[in-house]
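Take a look at this single chain, the form predicted alone, given in structure tokens.
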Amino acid sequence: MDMHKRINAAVARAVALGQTGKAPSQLSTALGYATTPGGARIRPTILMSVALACGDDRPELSDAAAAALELIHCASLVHDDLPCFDDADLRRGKPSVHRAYSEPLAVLTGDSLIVLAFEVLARAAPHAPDRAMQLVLTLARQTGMPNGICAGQGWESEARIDLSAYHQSKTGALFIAATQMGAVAAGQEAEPWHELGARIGEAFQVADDLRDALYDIETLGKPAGQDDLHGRPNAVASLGVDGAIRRLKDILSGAIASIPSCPGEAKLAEMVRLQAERLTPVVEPVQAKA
């Protein structure tokens, strides 16, 4: 099974756990709606790539970690789109969950996906209890406070924003979780993988800032111009388009250089390069909105 199919299968199994028994039908279907289609599944792809590079000796644990991470990411998107935050009508080219199902069900969908993520890790614990506990701790740290994605959302309510802390939490946290959880699932220490995740996360934040500034709603599959609309700090506002593009390339070069020594180091570096290529066309002016 190729990696993308493996990840999608793991996510599908995880979502199915929340759809069994006498579950309320609308909330049950909303879980599937919020997690499909999955797009590139970039965070679990990074996690799985790291696990494979480190040996992937407990594939059941790697699958659970990848699914749990993706569930947290999808939950964050559901909550991001709510009227109290971005009030976005579209996500991944289709109506956002609160538009398709109602605001109360969107809140419950996001909450349910978060809880389900940790259930998935708990269920995988028999395969390697010590690793599973570290996976739970790592994901919790990068999801909540003081430095996880909840903190990232919280920074938007502050009168003065620490741009570095904001980006590290808002976008970087789940990329740090991806690299660290991939290593832990394969029996490696988490800390050496922090820098790689942080650099990839920073690169994606800069790329997202560029997409938001340059692209239209049809290209993005979600509302454009949100940073400007909500007055958020972003790389384009700080550095300009050309400066943001240069910054993106510098970060990606640094990410490759930061990969810890491991059996699959060369393949992992190639994965990062492929992600760099995936990001680069996004910032080409020829596709920018008028």
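Residue numbers here begin at 1 and follow the sequence given. What you see is a predicted model, and the numbers here were worked out from it, not measured in a lab.
Missing here is the form predicted together with a further copy of the same chain; even so, the following discussion is about that form.
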Interface residue in the predicted bound form among Ala255, Leu248, Leu31, Ala53, criterion: non-hydrogen atom within 4.5 angstroms of a further copy of the same chain: Leu31
In the predicted bound form, the residue from Ala151, Leu90, Leu77, Ala190 that sits within 4.5 Å of a further copy of the same chain by heavy atoms: Ala151
Within 4.5 Å of a further copy of the same chain in the predicted bound form, all of Val97, Val236 and Val241 (non-hydrogen atom): no
Proximity of Trp155 to a further copy of the same chain in the predicted bound form, heavy atoms at 4.5 Å: yes
Heavy atom of Arg141 within 4.5 Å of a further copy of the same chain in the predicted bound form: yes
is_contact(Cys262, a further copy of the same chain) in the predicted bound form, heavy atom dist at most 4.5 Å: no
Interface membership of Leu27, a further copy of the same chain in the predicted bound form, 4.5 Å heavy atom rule: yes
Listed range touching a further copy of the same chain, judged in the predicted bound form by heavy atoms within 4.5 Å, from 204-212, 178-186, 80-88, 191-199: 80-88
Within 4.5 Å of a further copy of the same chain in the predicted bound form: residues from 240-255 (heavy atom criterion): none
